[in-house]
Ligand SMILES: Cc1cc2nc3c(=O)[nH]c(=O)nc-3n(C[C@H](O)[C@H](O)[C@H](O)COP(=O)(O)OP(=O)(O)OC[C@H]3O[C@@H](n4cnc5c(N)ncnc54)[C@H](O)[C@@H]3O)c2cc1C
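Let's start with one chain on its own, the form predicted on its own, as structure tokens.
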Amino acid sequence: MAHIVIVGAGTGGMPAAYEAREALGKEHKITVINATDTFQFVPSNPWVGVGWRKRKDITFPIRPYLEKKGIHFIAKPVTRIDAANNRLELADSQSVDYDYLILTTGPKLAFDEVPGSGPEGHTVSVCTVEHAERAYEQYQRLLANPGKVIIGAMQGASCFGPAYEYAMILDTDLRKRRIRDRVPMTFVTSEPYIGHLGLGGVGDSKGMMESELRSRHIKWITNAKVTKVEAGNMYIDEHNDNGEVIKQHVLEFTYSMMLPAFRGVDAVAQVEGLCNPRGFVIVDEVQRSPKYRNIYAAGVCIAIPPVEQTPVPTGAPKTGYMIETMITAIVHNIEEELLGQQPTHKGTWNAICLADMGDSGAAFVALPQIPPRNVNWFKKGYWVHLAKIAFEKYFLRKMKKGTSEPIYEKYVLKALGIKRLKAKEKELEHS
């Protein structure tokens, strides 16, 4: 019997547990370890930040759903990974041994890299449901005392979509309340241009997103490096394409939501030879650590180089479906190893993204996510707003039901040319 341990129970860890339980024999034990006992659907956090969702709408207790599938669950933080001895140490001195380890921890939020930023400083965040709830508390103060707003993403950030979403959702909510005219808004981002998204753009994302910001009277500063934040003031160096500072801004604000850069979580980052200098797990083409051959990793916690060098550092996002392709590959690779074979499965890293804009939305398909791409598609419309709402309900139901990829989802995406796994060499020869 092998013991497969999954650290992290988010949009990567939960599907990993369900897929592993379905694919591997019942003689193998599967354990999920998570710092909290609650699953949260992170893509809905921008809605929580304006009061359009409550915590209860996007969270549920993990234990009953995993245990119903025969998956063991431990709700405790991992404090140390003893990779040499295949052991995890937990917060209360408990230890857990593993044969295979799957890391889906997500990131550590690097607010400390910009003095004065973050929930403990002078800006808010929508990276967690707790942060989004605090953002809503601060937003209510803005409603009572309207003033200038700054939304955006710090240097080194890799997840730009929620910043755009929150800016548009905030704009929509303020217009509904008839006070948008009293709230000047500026979008501040480390991207070299609007719509870059850490992906070098997707389709006509630049033109379409610039048009969207103009139509909503949202000014912007790109190639922006935030040097510090004080109460009511944000200090920003604006760079040119050569990385030279061309203007220094001091923007006043009453309310600001800025996404931070990410680092690897401490327990993972501290394992010698596992991670890059930022604490992200180094993986090979089959999602496995080159040094620790029984450790796999997927999602935001893995090291992916930027798609291109930018004047102000930006990272490459790891979107939801891209993460699911990694998970599927990992589970099949562990299955092969248990059969005494070498792992061969590789995720396609295809990306499908639905971004809400409050009263509209933007969708893109990038196959694969990192260019050059076979498909490079970006569209806007009210249908995306509706699709995002539907997807929220669908994914939460899927996670409660314990199915990572329902059969109808698989065949609908297949009909669109979107697959989770890359074809093997023999399949390519006959295609």
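Note that the structure is predicted; figures quoted are calculated from it, not measured. When you see a residue number, it is the position in the sequence shown, counting from 1.
The following text describes the form predicted in complex with this ligand, which does not appear among the structures shown.
Location of this ligand contact in the model of the complex, chosen stretch of 328-336, 199-207, 218-226, 156-164 [non-hydrogen atom, 4.5 Å]: Careful reading of the contacts points to 156-164.
Listed residue that, although this ligand is not shown, lies within 4.5 Å of it in the model of the complex (heavy atoms), from I33, I30, V384, M399: By the 4.5 Å heavy-atom cutoff, the listed residue in contact is I33.
A267, A83, V96, L213: which sits within 4.5 Å of this ligand in the model of the complex by any heavy atom? Checked against the cut-off, the match is A267.
Give a yes or no for P46: in the model of the complex, does one of its heavy atoms lie within 4.5 Å of a heavy atom belonging to this ligand? P46: yes, in contact with this ligand in the model of the complex.
Verify the contact flag for I389: yes if a non-hydrogen atom of it lies within 4.5 Å of a non-hydrogen atom of this ligand in the model of the complex, no if not. Result no; I389 lies far from this ligand in the model of the complex.
Exercise: V78 in contact with this ligand in the model of the complex, heavy atom 4.5 Å: Residue-level check for V78: yes, a contact with this ligand.
Close approach of P343 to this ligand in the model of the complex, 4.5 Å, heavy atom: No, P343 stays farther than 4.5 Å from this ligand in the model of the complex.
Can you tell me which residues in 1-33 come within 4.5 angstroms of this ligand in the model of the complex, by heavy atoms? Heavy-atom contacts to this ligand in the model of the complex: V7, G8, A9, G10, T11, G12, G13, I33.
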